[in-house]
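Have a look below at one chain only, the form predicted on its own, in structure tokens format.
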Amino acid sequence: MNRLAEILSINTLQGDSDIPVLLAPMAGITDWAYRTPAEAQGCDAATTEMISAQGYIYAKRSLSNYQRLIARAPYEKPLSVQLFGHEPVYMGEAAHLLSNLQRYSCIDINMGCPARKVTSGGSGSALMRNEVLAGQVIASVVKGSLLPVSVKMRLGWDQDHINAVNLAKIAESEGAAFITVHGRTTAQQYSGHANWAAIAEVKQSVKIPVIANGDIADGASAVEALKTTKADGLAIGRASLGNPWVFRAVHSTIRGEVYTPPTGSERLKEAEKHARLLRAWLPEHRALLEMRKFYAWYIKGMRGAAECRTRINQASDFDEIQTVLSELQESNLEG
């Protein structure tokens, strides 16, 4: 069995050539309502949005924001919970508390977020600039956690400070079970191209599993990423926005099967399902505001999508949005 799949308790992989294809964490995106359609379309495991270690320790457990971040539907596949912070004591304590909830398969350490509001405080990918501190954080989380620990990182701070290999070795020595590498630097944010060759260097430098992340957008790119990196798994983030079928596309291509993309009608039906999940969980007005960005991703590329987005953003309730989507579907009927 694939070692990564074993660590994450994934038991649904099919075929000897199959590998885990995971949903990467995205702040403000990957809650359980988002993870549900991704997993229905072949995502093997996922990770929560990032959670502040210090914030979680001191926040009231009843706060809706934290309840939402840590929520897990009973039918979900293996789920990791991602922590961010730069103080080893807080990170270790939060890891212990979260692993005690008995709803996750892994504790993931965020050393990859490039957002200024995170890095300015020394967390996220800023931790890669201090390898000693990074090692202390990993060691503390491993000691505090009752679950396997993973580390998500970038290649380095910028092109002059590429240190993913060093950090991967530190993670391995401090007891991390596996690592995920986004093939860009912090300075790049999400611009340019992911450097899969650099991920391959990380893979060659450690014995623990390595997951490749960055620019994996379809079956063809997934196969090429695997060929280049020799990774033990793949993580997909932005390519899944409005496109949970990307996981099915990747698995189908890896298996040599034919992949048929969703029709416009299927995309709109999935958007409706997603909206129902949010409405059952959040107050109606908040669900409406949250769902706007998801609607935009689901309808991207459809005829009349631009006008539809404008009307959705101006809509005052879901009934109005349903009318807009029905009209969009009629204008995009196949044949």
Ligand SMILES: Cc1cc2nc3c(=O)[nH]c(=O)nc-3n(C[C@H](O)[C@H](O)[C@H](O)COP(=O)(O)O)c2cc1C
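Everything numeric here is computed off the predicted structure, so don't read it as measured data. Throughout, we count residues from 1 along the sequence that is shown.
The same protein has a further form, the form predicted together with the ligand, not shown here; the description that follows concerns it.
By the 4.5 Å heavy atom rule, the three marked residues Glu172, Val206 and Gly233 all fail to count as contacting the ligand in the predicted complex. Though the ligand is absent from this view, in the predicted complex it lies within 4.5 Å of a heavy atom of just one residue from Gly237, Gly264, Pro88, Gly219, which is Gly237. Screening Cys308, Ile29, Leu278, Ala40 for any heavy atom within 4.5 Å of the ligand in the predicted complex leaves a single hit, Ile29. Contact with the ligand in the predicted complex, defined as any heavy atom within 4.5 Å, is confined among 159 to 167, 209 to 217, 90 to 98, 129 to 137 to 209 to 217. With a 4.5 Å cutoff on heavy atoms, Ala53 does not count as touching the ligand in the predicted complex; it lies far away. Looking at Ser125, you'd find every heavy atom of it more than 4.5 angstroms from the ligand in the predicted complex. Residue contact check for Ile19: none of its heavy atoms lie within 4.5 Å of the ligand in the predicted complex. In the predicted complex, the ligand lies within 4.5 Å of some heavy atom of Ala24. Taking a 4.5 Å heavy atom cutoff to the ligand in the predicted complex, the one contacting residue in 105 to 125 is Asn110.
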